[in-house]
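Same protein, same chain, two forms; see structure 1 and structure 2 below, as structure tokens.
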Structure 1
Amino acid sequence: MTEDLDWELIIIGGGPAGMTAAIYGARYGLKALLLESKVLGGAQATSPGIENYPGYTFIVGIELATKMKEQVRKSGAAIREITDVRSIVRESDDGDFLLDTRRGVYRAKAIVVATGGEHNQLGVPGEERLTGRGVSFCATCDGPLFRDKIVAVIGGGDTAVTEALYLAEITKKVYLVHRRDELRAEKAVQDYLFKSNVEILWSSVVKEIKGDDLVNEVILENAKTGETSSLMVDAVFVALGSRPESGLAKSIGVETNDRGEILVNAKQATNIAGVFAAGDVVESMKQIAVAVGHGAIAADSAYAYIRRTQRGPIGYA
């Protein structure tokens, strides 16, 4: 079967924001396509547990992602996974968008950029060389490999703390290594942490991750005293947040802030007509509940834009 390359709405990125935009777009009757460079799910899929998404007092990230994916399929939106958008060009100032992928060049009247973020790295010696050999960026993915072992989680945000709590249930010992003496994670999550058996190493900066073939040691420096120390561990889970994946959007003139997050108005519209943005790539709170809201608004605005520019005015938007 030949690939259908002509679409009204193309959504780039299959996390909660992109999946919601696809569901809403399809329900508006738009011919909508969701492109994802890996598999649908987004960052939520790697969370060991989510307690603040309404409707679920607790749900494992991959389960929530799977439910959203089922809903996209039912909505009628088309999905193409493992389909990286390599570049975008626009035919003219108000023309169609052409998205180059391995499957061909897709054409769209409007696009929603929901590309999320990429994991931050420590940037210390040993991190890159030992990635996949004890250095991991996903506790739910790799934690079970370290049952009954000693592990360190690096970071002080919600991801680091929830990953440390998850790992405490399946490993022998967990250290949480944080560069400051207070956590960034939300209070409810901190309360769980302080009641757990996770050992917190405050004001500790990772200087090096060591190991011949597999991780066996982390070198730390105390941020207050400058003293260095050694921590013997079998794995290091790096949980330092993410940076926005806004390169594609920037390439077509979309404005960002100095952190690279896309600037949008209340309708999730960027400065470029026909380009909407949603989720963690946008300047906003990085939460699933927020991303879902962005996705719905972005699809609604894209629908209004397409109606206005392609199908004639209907007194809408």
Structure 2
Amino acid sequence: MTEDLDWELIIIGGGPAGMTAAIYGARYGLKALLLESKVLGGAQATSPGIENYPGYTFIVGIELATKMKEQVRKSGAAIREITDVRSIVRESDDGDFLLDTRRGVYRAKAIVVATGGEHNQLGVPGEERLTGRGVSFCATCDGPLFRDKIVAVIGGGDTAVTEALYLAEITKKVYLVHRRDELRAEKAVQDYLFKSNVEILWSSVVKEIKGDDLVNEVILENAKTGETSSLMVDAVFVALGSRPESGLAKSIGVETNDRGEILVNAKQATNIAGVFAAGDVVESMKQIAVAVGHGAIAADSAYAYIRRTQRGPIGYA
């Protein structure tokens, strides 16, 4: 069967933002295609439990991702998994976008970039194996799962300190593990930390995260003396920041901030006509509910753009 390469709307990225954009795009009557370099789901699929997504008091991340994927299929949007977009070019200033993939070169009138981001990792034994089983990269997402437990936050910047302060409100004990002897967070944030009951482990480097099925221990090394020690915890929150996957967008002139996050307006439109962005790749709060909202707005804006430039007067499907 010959691959259909001509589409009206192509969404790049299959997390919550991308899947929502695909659903809305298809419902608006657009010929919509969702491309994902791995499998649909995004970062939510690794969460052991989600308690802050409306409609569910608790749902395992992979279950929510599966439900979203089923809805994308039912909407009529096409899905191509394991399909990495290698490059994007535009035929002219207001022409079609050409997306090069292993399946061929897809053509689109408009695109939604929902490529998400990658959390910076420690790169130590046990981290990958125990992700979703006590290792987390989002305190707001997973913190309530460890209510009244003992947890460790790794990092020394604003994100690490604010997450430690948040966790201190709901957990039994919080350790902040930092490799240096001073924090990088803003002074005002540090002041709050020093007044809290968070215990700071200075000059400490994580060497290994241990646990059979769940996290139960962290091996630390003193950066000055080289001595190792054991810290018994129920969870490890790695708060070393993230890297937005915005390289493709930047290659066609999309503007980003100094962290690499895509800049959008209230319509999720970038500075490039016909290019919209949604989810963790944009400058915004990194939450599933926010990403879903972004996806809906981006698809709506893409529909309006296509109607205006290709089909004629705007009307909603």
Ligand code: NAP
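Along the sequence of structure 1, residues get numbers from 1 upward. Rigid core (definition): largest C-alpha set, two forms, superposition within 1.5 Å. Being a predicted model, the structure only gives us computed values, none of them experimental.
Where the criterion is the form predicted together with the named molecule, structure 1 meets it and its counterpart does not. If you assign each C-alpha to whichever superposition fits it better, residue 126 and residue 55 land in different rigid parts between structure 1 and structure 2. Superposition of the larger rigid part on its C-alpha atoms leaves the smaller part rotated by 57 degrees between structure 1 and structure 2. Its Cα shifted by 15.2 Å between structure 1 and structure 2, residue 211 is reported here after superposition on the rigid core.
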